[in-house]
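Both blocks below hold the same protein chain, though in two forms, and each is given as structure tokens: structure 1 and structure 2.
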Structure 1
């Protein structure tokens, strides 16, 4: 019997190794694949809808503190370790993978005002209302050892914030002045003041490590140079700035969290106009932290929500809230840029995904390709009204929602009034001031 069969050249379909992808012959003739724009539009729409469906950002709540969480710190070497200080002077070290507290220290009497880790990750510093700065070992005490600090520095005044240098054994505290300390000494090696005010936070620049920024209660932000031991410049804003954060990828950019519900991103070389005003919060912004990629930052607010802003956008791309989360006091973006932690008044630390709809864990290559494709589609069609509407839609708690409405009305009224005033006064006597410049009172050299 003669068997008839098709014969194909094996070169056309046999893989060289089994790790190669299967060869799939495709015909890319455009006439065979019509309606590319409508089809991609539908895909983009579906991707956007699915993104909203899968947006489940809340991961875990770490409870154990017996008072509001006042400060958070990341471990510089270990992603799983997080330190937190509470208003009752307790410091806890958490393991994020187990979601357990691994160590508890009664560090201070009264608030723990600030906490920071040493750059090598072997020890950390806390400062509290009892006018002390304490250095602790990161590992717990050995068998039979007492839980006690490595060093304790007793100061004259209360230190309200602390930050460690990124490369050297130096740390800075703030209170009535900014002090630079050598770890080995009990007195500061240098203190810098500019006027008399209580400084609420101080931060080292992570790139040009000799630079410091601080914000004080008399509404100003002051920059310092540690090497020349002098302040550099001061900018006075409308309202008090609670804290600042330096961009880890752009040496001269920092963002300030202000009491007037806004965040201001400054180029430190030109303080008279902020690069961007970020507004979406409806109450004072209490803390801000940059993503390690330097492309986004997260802000914690008194309005019981945290928001994620792209650096170059004035509106937030994401807002996180839960029913039980109260005023958020501190927030941190983890060093792998995947998660966000926030500590709030009601004693919990919450762990969120930085990208709400991201799938956790290892992705197969096909999943990855699909994810990238969907992302690109969403980007491509982002200006289309339906897609924009769906991707922007967020459910908000009633308080925030009504606040937003109210503030919109107030803003409109203010704008209208200004327009009217301009209309009825001598031309040029009521100048048009841009939103960026509006909030800057003065720059002091």
Structure 2
């Protein structure tokens, strides 16, 4: 005897709340849906338009500093804790969830040039114009105690940058040379230099932790190996590099923020050609920081805007600006990959969403499903002219917009001149140089 049973899952037809619309069963057989592609195109178009409507990336402004914000640092263990150093020597520790300053330290006389946290998160280091490197406890002083640094190291010259090793009790400073320090000693373990100019920034590699990169005002980017205590190789660019940032997922990749308005992503194994030249800023790029996923990075510029670039694209996918924001000096991507912080000239730290139209807060399962579906539709139809135009469109301040037009005219004039010169010269005497190789002067090993 055969017994046939009906088995139904109530999730397929019961509404989550009585305000929800009734679920309609759907047959996915493609022969029954001859107009599926046109329908999906309309849905993708609507999803793209709604994404631009809901793109409100600015979240909060942390004000309290009495001078321009010169450097930022993330806490390695706590997402809500951020440290900032200002041009008047003041260091503040912020709680992002409360959007309040929880501690203020008068750390240095003159600028705070660099700030970095220890890998365990118990203390942090600052360096300033008063030639000192100071180590501070992350927790504030107890009741009745004075605000005193744990250690103070007095150097011979001004230190312009500092970075801590990712696993050991070692940190590096830069100024006239790159110094590697043990936390317990008052003199450097080793000093490395290559060239005679001041070094503006030094960064430890997060994966191959014994590697360092630095950039100097003589247009060099130099790579060092801490185990050999020697420089490995350097690349000389057309103009000065302000800072570099290592990719947290790919050990050999780093991105350099340059004065010629571009960013260069290099593979340290082949420095003669950058992997990608990222062009969109219209003024010097002052800082760069990678997302924890290693897929994107954010750059801060003198043109009063910050831009988000995918690693493998030469153009930015997003540009953030406000009327009040002045020259952006430092930028950081939070460790959960959701937010971006930037510190600027006019004493504010701003908090932005990394994905401009993302909804904050808890999503229901249906909202998640709709979001994923819309995302897939946008990816499927991303090259259609209408959708491409809407998704790429951004409002820009007039100053940036006019500078972009001006640079376009200058670039076209240069290209025309080169074509004419090639046309009226002996064949092969004016070589074609790719955009990637144009800005590299030399690689020294």
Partner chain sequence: MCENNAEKMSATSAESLLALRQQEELVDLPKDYPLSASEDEGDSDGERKHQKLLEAISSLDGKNRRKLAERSEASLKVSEFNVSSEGTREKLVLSDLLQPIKPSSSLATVRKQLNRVKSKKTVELPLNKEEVARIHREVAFNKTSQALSKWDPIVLKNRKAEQLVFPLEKEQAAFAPIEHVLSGWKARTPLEQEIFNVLHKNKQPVTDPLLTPVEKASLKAMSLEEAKMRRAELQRARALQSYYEAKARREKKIKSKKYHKVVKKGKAKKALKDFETLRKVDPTAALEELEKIEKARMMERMSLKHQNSGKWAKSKAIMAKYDLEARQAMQEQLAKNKELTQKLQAASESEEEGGGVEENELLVPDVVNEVHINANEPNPWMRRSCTSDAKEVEIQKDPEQPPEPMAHEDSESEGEESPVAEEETLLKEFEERRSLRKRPELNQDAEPVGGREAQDASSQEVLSELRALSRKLNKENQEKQSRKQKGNSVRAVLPVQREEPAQEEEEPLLLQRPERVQTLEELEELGKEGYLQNTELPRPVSQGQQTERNPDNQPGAPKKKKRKEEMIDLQNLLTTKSPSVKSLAVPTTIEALEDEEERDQKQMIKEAFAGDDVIRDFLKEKKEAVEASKPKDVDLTLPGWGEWGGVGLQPSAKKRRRFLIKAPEGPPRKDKNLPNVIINEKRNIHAAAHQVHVLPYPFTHHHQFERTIQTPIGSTWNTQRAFQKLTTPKVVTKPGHIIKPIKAEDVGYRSSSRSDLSMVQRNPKQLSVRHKKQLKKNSVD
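Only residues modelled in both forms are compared. In this text, the rigid core denotes the largest set of C-alpha atoms whose superposition between the two forms falls within 1.5 Å. Keep in mind that this is a model prediction, so the values were computed, not measured. Residue numbers count along the first chain shown, from 1.
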- line: Same chain, two copies; the copy that is the form predicted in complex with its partner chain is structure 1
message: Quick check on residue 15: with the core superposed, does its CA move 2 angstroms or more between structures 1 and 2?
response: yes
- request: Answer yes if the CA of residue 24 moves 2 Å or more between structures 1 and 2 after aligning the rigid core, and no otherwise.
  value: yes
- prompt: Once you lay the two forms on top of each other by their rigid core, how far has the C-alpha of residue 6 moved between structures 1 and 2, in Å?
  reply: 13.4
- prompt: Taking the rigid core as the frame, what runs of at least 3 residues have C-alpha moves of 2 Å or more between structures 1 and 2?
  reply: 1-34
